[in-house]
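Listed next as structure tokens is one chain, alone, in the form predicted alone.
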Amino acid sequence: MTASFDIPVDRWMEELVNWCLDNLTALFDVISLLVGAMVNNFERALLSVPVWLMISVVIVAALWRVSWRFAVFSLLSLGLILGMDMWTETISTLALILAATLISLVLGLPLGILAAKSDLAEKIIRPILDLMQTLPPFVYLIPAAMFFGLGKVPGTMATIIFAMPPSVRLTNLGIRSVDVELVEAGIAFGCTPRQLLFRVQLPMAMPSIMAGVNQTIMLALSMVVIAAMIGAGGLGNEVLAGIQRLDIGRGFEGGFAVVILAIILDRLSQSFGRQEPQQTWLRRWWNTLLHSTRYEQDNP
């Protein structure tokens, strides 16, 4: 059925994009330079670390923050990535995720605080976040490629747009969920608005904020394959090449590496969202050693 009237949304969007290309090219060049430098520096820094040292750091973090079982899983799964010859691609993907997550948090946390402090700001920000989360991810690739060309920068920018909403939403929710009595107590003790935010509201909202960080990381990972369509590289390239060439083995190897990276990042980031740290074997041993050292110092 054809409507009797026409709403030229496609033409409006084309005109908007063309206007941006004509008038904001310098801004896009600066953004491309900064984001590209961040991703490349992350990748160079991570690749410069010896493989054995990187794996050791992950295992110690797993022992300290999660459990010995997860440390064993991390060792075996990272060994699988090495065995599949996917280490360089995994590091490239990790660098993109770290850069996209960092930028998403730098932009998202202040917006979440603003939304928590102002009902008007929340009413303006909420529909924008709804649009960012519900618009099909492939749609982001079109303006990203037009504004920033092909490569890691447009892939990172598309990932930022897709992954940022949880950090804004959960920061807003966490601050708004702080007990009113705690806020009133802070005000009664003479806290300024800044002190109230940083000493009362943000610490109490930290589990919610860390849940937002975790979701941002997971959403960034989910964009890996899609971003590879515009040259983001990494593990997404392997999966995309497997699809294009009907190479089942290559596609599954890239997919397994993405899953392993997702599980490790998910469990480690979740551990920082707990109000009470999990008493792992390594943490208990360290606390026992620390207490015994203090006892010997106090009782020579």
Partner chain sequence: MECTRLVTDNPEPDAKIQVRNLSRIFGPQPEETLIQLEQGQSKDSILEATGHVVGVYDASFDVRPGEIFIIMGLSGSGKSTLVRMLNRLIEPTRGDVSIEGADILGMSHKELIELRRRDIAMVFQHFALMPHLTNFENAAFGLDIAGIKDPERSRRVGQALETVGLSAFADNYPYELSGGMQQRVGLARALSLEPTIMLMDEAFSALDPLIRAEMQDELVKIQRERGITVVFISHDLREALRIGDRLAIMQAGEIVQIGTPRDLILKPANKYVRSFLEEVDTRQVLIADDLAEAPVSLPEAAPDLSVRQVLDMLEDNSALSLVIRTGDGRYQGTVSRYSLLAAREAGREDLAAAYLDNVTAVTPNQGFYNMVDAAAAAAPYPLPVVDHAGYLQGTVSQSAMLRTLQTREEAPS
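Numbering follows the first chain given and starts at 1. A quick note: this is a predicted structure, and the numbers were derived from the prediction, not measured.
Although not depicted, the form predicted in complex with the partner chain is the subject of the following passage.
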Listed residue (Gly190, Gly83, Pro127, Pro136) with a non-hydrogen atom within 4.5 angstroms of the partner chain in the predicted complex: Gly190
Of Met229, Met146, Met204, Leu114, which one comes within 4.5 Å of the partner chain in the predicted complex, counting heavy atoms only? Met204
Options 174-182, 84-92, 117-125, 153-161; stretch whose heavy atom lies within 4.5 Å of the partner chain in the predicted complex: 174-182
Report yes if any heavy atom of Gln195 sits within 4.5 Å of a heavy atom of the partner chain in the predicted complex; otherwise report no. yes
Taking 4.5 angstroms as the cut-off for heavy atoms, does Val200 touch the partner chain in the predicted complex? yes
Just to confirm, Gly186 within 4.5 Å of the partner chain in the predicted complex by heavy atoms? yes
